[in-house]
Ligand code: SAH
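Only one chain is given next, in C-alpha cells, and it is the form predicted alone.
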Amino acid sequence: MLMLDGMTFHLETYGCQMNVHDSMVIEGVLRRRGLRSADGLGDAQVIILNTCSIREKAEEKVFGRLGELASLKERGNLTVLGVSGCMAQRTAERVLERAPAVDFVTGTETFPTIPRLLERILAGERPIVDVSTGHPLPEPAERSLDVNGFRAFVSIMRGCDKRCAFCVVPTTRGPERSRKPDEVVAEVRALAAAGVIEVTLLGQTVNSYRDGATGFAELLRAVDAVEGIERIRFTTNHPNDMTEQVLDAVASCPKVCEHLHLPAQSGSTRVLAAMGRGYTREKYLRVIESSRAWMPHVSLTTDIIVGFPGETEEEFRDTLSLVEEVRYDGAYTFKYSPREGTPAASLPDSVPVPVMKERLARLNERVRALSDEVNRGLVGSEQGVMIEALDVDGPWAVRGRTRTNKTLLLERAPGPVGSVHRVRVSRTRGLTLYGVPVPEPVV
C-alpha cells in the first residue's frame, strides 16, 4: 500500500453550509491518513474542489477554476486534482470531458473514501469516478473544526423529499435520511468536550428532521441540554415544517439563537404552486406571524428567486410586497437558473435574462433599504455578542456575532475569541452593526 504520510493538500469549497461541513469531514479524513495542509496553492500535491450544483453559474465557476489548476499539473507542481460534492454527483462524466486534468470525481456520499482513491491514483490508476449512493454518514470524529475551533457544524440529516421544481438537491443528495438522536447528541457532547461552544445543526430541510418518535423540536431540546454548549443555530428550514412545536422549542431553549432562515422563494401563490413549494403566500405569512408571536425580536432571513418561468410583472410585485410586509433582516436573492433534470427545466414562458436582471436589481435595492431600517432600529440596544475574530482590517478590528446572526464590529476586544459579552449598538452601516462593550457591574 502506498503511503500518503506527508503529502500536502489544498481544499476549496463552493456552495452551502452542508458543503462546508463536508469539506471539514474531507479535511479530517485526509489528516487522519497523514496528509497536511499546504502552505499555499503552489505547495499542494493534492487539490480538491468540493462543488455546488444549485445554479449554472456555480458550475461554470468550478470549470473555470479547473482550467486554472490544470496549468499546475502541466508544470509538475501538482500530483492529484479531484472534484467532489453536488456538481460531481450530478455531472461526473461531463467533469472529465471538460476538465481532462481531473484525476478523480467523488460524490456527496463517497468523499470519506478519498484517501483510498488517492492511493489508487498514485499506483497509476486514473481517472476514477465514484458517485455511488447508499453509504452510511461519515463518522463524526472524521472532521475538522472551523479555523477558531469554537464552532462546528453538525449534520443531523441528509437529502430532501420536498421535490421543488427548480431544485437538484433530491438528485445530488437523495431522499431524506435522519440520524439517530442519541448519535447527534453524543457528537455534540464530544464537540463540547473538545472546546466547541457553538454548533449549527444542518440539513437540507433541517426542521423536517424525524427519527421515530423524535422530531426536530425534541432534538433541539436534547442538544440544548448538553453542558458546555452556549449557542445553537440551525439551517435551512422549510416553512411547512416550522410548526408551533418547533417555535416553542426555539423560544424556550436558552441556547437556541433567535434567528430563523425561512426561504419564501416567491410572494406569488401561483408561482409558489408552479415551484412545488407546498404553501401559499397566506400560509407563509401565518408562519411569519407565529414566529414573531413566539419571539417578538426574532431575526428573519430568506431566499428569493426572481424570473421563475412564467413569472409576470404583477407576480414579481407580489414578491416585492411580501418583502415589504415581512421586513426581513436579510435575504439571499437569485435569478432563476434552469437545472437539467428538474421539472422546471421544461416549463414554457421563460423570463428574458434582461428582465430577470432588472427585477433582481429592484428586489435587492428594496431588501437592502428595509434591512438597513431594521438595523437602525437596533441602535442603542444591548446585544449578546460572541467574539469571532480579532484582526479585522481597519480601526474596527474586532468582529463578533449577535444571537440574531448579525455581524457586529468593535474597536477593541473585550475578551478572547469565543467569549460572549454585552455590547451596546452605537451605529449601523449596511448589514453591519458597530458597538461598544457594556462595562461589567462592580460587585
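Just so it is clear, the structure is predicted and the values come from calculations on it, not from any experiment. From 1 onward, residues are counted along the sequence shown.
This next part talks about the form predicted in complex with the ligand, which is not shown.
For the three marked residues, G203, T236 and I305, a heavy atom of each sits within 4.5 Å of the ligand in the predicted bound form.
This chain appears without its partner; in the predicted bound form, the one residue of R221, K335, R368, R98 with a heavy atom within 4.5 Å of the ligand is K335. Shown without its partner, this chain lists A274, V188, C257, C167 as candidates; in the predicted bound form, only C167 has a non-hydrogen atom within 4.5 angstroms of the ligand. The shortest heavy atom separation between I54 and the ligand in the predicted bound form is within 4.5 Å. The closest heavy atom approach of Q265 to the ligand in the predicted bound form falls within 4.5 Å. Among residues of the shown chain, R281 is not one whose heavy atoms approach the ligand to within 4.5 Å in the predicted bound form. Under a 4.5 angstroms non-hydrogen atom cutoff, the ligand in the predicted bound form lacks R158 among its neighbouring residues. Stretch-level contact check against the ligand in the predicted bound form with heavy atoms at 4.5 Å: of 67-75, 312-320, 105-113, 297-305, the positive one is 297-305.
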